[in-house]
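Presented as C-alpha cells, the chain that follows is alone, the form predicted alone.
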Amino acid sequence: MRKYIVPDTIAISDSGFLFMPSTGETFNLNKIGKEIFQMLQKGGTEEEVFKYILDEYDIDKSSFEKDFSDFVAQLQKYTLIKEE
C-alpha cells in the first residue's frame, strides 16, 4: 500500500482547520478527514488508515476506497500531501 508525505510546514488545528504558511491558503476538514490527515501526517500508511477507519466507522471497504482515493487526490491537488 501507499505511503504519503505531509510537508512539515502544514499546521492543523483541533477543529480540522489546515493552514499552509508558504501560500497563506487555508482548508477545512471534517472529522474523518482530519483523522485521516493526522494519521498521514504521523507517517501512517494507506493500510493503517483503512484499518482504523473501517474499524471505527460503519462504512464498507469499497465505498471507503473510493472516498479515500478522492480525498487523497484533492490533498495532492493542493500540494498538502505527496506520494512517497
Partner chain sequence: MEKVKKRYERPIITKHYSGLMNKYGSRNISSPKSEIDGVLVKELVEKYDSPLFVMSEKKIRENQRNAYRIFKNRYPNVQFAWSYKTNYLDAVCSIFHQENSWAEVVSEFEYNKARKLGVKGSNIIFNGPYKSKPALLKAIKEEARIHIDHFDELYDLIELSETNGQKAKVAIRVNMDVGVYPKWDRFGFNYENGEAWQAIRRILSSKNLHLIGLHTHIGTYIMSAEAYRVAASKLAALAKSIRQEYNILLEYIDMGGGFASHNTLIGQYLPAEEVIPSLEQFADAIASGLFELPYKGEELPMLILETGRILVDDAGSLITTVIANKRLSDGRRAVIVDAGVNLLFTSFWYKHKITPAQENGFHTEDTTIYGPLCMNIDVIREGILLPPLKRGEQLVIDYTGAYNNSQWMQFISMRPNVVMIMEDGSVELIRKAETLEYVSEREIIPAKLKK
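All of these numbers come straight from a predicted model, not from anything done at the bench. Positions refer to the first chain, counted from 1.
Absent from the display: the form predicted together with its partner chain. The rest refers to it.
Three residues, N30, G33 and I59; all within 4.5 Å of its partner chain in the model of the complex via heavy atoms?
Result yes, every residue of the spot touches its partner chain.
Looking in the model of the complex, any heavy atom of S13 within 4.5 Å of its partner chain?
Although its partner chain is absent here, S13 would stay clear of it in the model of the complex, with no heavy atoms inside 4.5 Å.
Should L80 be classed as touching its partner chain in the model of the complex when contacts are defined as heavy atoms within 4.5 Å?
Yes, contact at 4.5 Å.
Verify the contact flag for I53: yes if a non-hydrogen atom of it lies within 4.5 Å of a non-hydrogen atom of its partner chain in the model of the complex, no if not.
Within the cut-off, so yes.
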